[in-house]
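Encoded as structure tokens, the following chain is the form predicted on its own, with no partner shown.
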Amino acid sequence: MADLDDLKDGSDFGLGVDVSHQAFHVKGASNLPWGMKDRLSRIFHPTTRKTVMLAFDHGFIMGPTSGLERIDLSILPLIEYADCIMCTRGILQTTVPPHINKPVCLRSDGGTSILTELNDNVLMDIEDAIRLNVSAMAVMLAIGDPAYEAKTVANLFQAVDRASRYHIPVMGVTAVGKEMIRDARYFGLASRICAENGASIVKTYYCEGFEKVAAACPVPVVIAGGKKLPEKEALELCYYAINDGAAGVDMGRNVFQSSSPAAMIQAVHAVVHERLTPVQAYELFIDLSNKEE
């Protein structure tokens, strides 16, 4: 057992975490209360300061998306390889076993489907998030949309107000409309608005000049995987995003729509936490895929 002298030497008590420094390992969170730090520590690994989130919240606007028709079969086997899962409360309560002991970033807003135009105007009751023991709440922002920007910013503001009372972090998710220019200027603006309104995490997209987006945002930026890419390209996306300052990835379709989902999420995990190159990660993906056959 470590003694007082070990503390002077920065002992990690066998946990792999340096306790000698005072700065908290999550960007922008040093001055947050203990409960908030505890929840963020569940999401972001204390040594790598990164996270691999597995997103399968698509059904709340897209219905039974390809790969998500049977979440019990397609997603549950993948959860063990993720640091955090992102889903809706309906799926969480009906399909995700409570004994998995993974932190949950819960989709906490709603109001639209792919059949209608954007109109997110409903925010979850904070008491339900507490009952579900979530580690973070996710709220979408439609920055640049003249009809719905103000409403979605208000949703985030209200979510932060309510969640902060119970030390629950909120993740601001930057939506991208069809007419929006997907560049560093836009994503930098959207990410900063999320953080300025109290989000403890921002989820946005990777783009050219992403290092400026990440540097200008005072909280961790996690990139969205977006539409399905070939596996090698998806791994390159992860690598370059992490290299340019992303604090992690929130992969959905690029994992569960892969030809080998379990192999893919393990390869993504290796890029984020072990800094494998895209070539090395793709070789790992192929190797793990062959072992599954």
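In case it trips you up, residue 1 is the first one in the sequence shown, and so on. Predicted model only: the values in this text are computed from it and were never measured.
FYI, the form predicted together with ribulose-5-phosphate isn't displayed, but the following is about it.
Novice: Would you mind picking the one in 27, 37, 50, 253 that has a heavy atom within 4.5 Å of ribulose-5-phosphate in the model of the complex?
Specialist: None of the other options qualify; the answer is 253.
Novice: Given that ribulose-5-phosphate is left out here, which of 224, 242, 32, 263 has a heavy atom within 4.5 Å of it in the model of the complex?
Specialist: When ribulose-5-phosphate is considered in the model of the complex, the option within 4.5 Å is 224.
Novice: With heavy atoms only and a cut-off of 4.5 Å, decide whether residue 206 touches ribulose-5-phosphate in the model of the complex.
Specialist: Although ribulose-5-phosphate is absent here, residue 206 would stay clear of it in the model of the complex, with no heavy atoms inside 4.5 Å.
Novice: Do residue 231 and ribulose-5-phosphate share at least one heavy atom pair within 4.5 Å in the model of the complex?
Specialist: Looking in the model of the complex, residue contacts with ribulose-5-phosphate do not include residue 231, since no heavy atom lies within 4.5 Å.
Novice: Looking in the model of the complex, any heavy atom of residue 106 within 4.5 Å of ribulose-5-phosphate?
Specialist: Close contact is absent here: in the model of the complex, residue 106 is far from ribulose-5-phosphate, nothing within 4.5 Å, heavy atoms only.
Novice: Does residue 55 reach ribulose-5-phosphate in the model of the complex, with heavy atoms at most 4.5 Å apart?
Specialist: Yes, residue 55 sits close enough to ribulose-5-phosphate in the model of the complex that at least one of its heavy atoms falls within 4.5 Å.
Novice: Verify the flagged residues 81, 238 and 271 against ribulose-5-phosphate in the model of the complex: is each one within 4.5 Å by a non-hydrogen atom?
Specialist: Per the other structure, none of 81, 238 and 271 touch ribulose-5-phosphate.
Novice: Partner absent here, but in the model of the complex, which of 183-191, 150-158, 91-99, 198-206 has residues with a heavy atom within 4.5 Å of ribulose-5-phosphate?
Specialist: One stretch meets the cut-off, namely 198-206.
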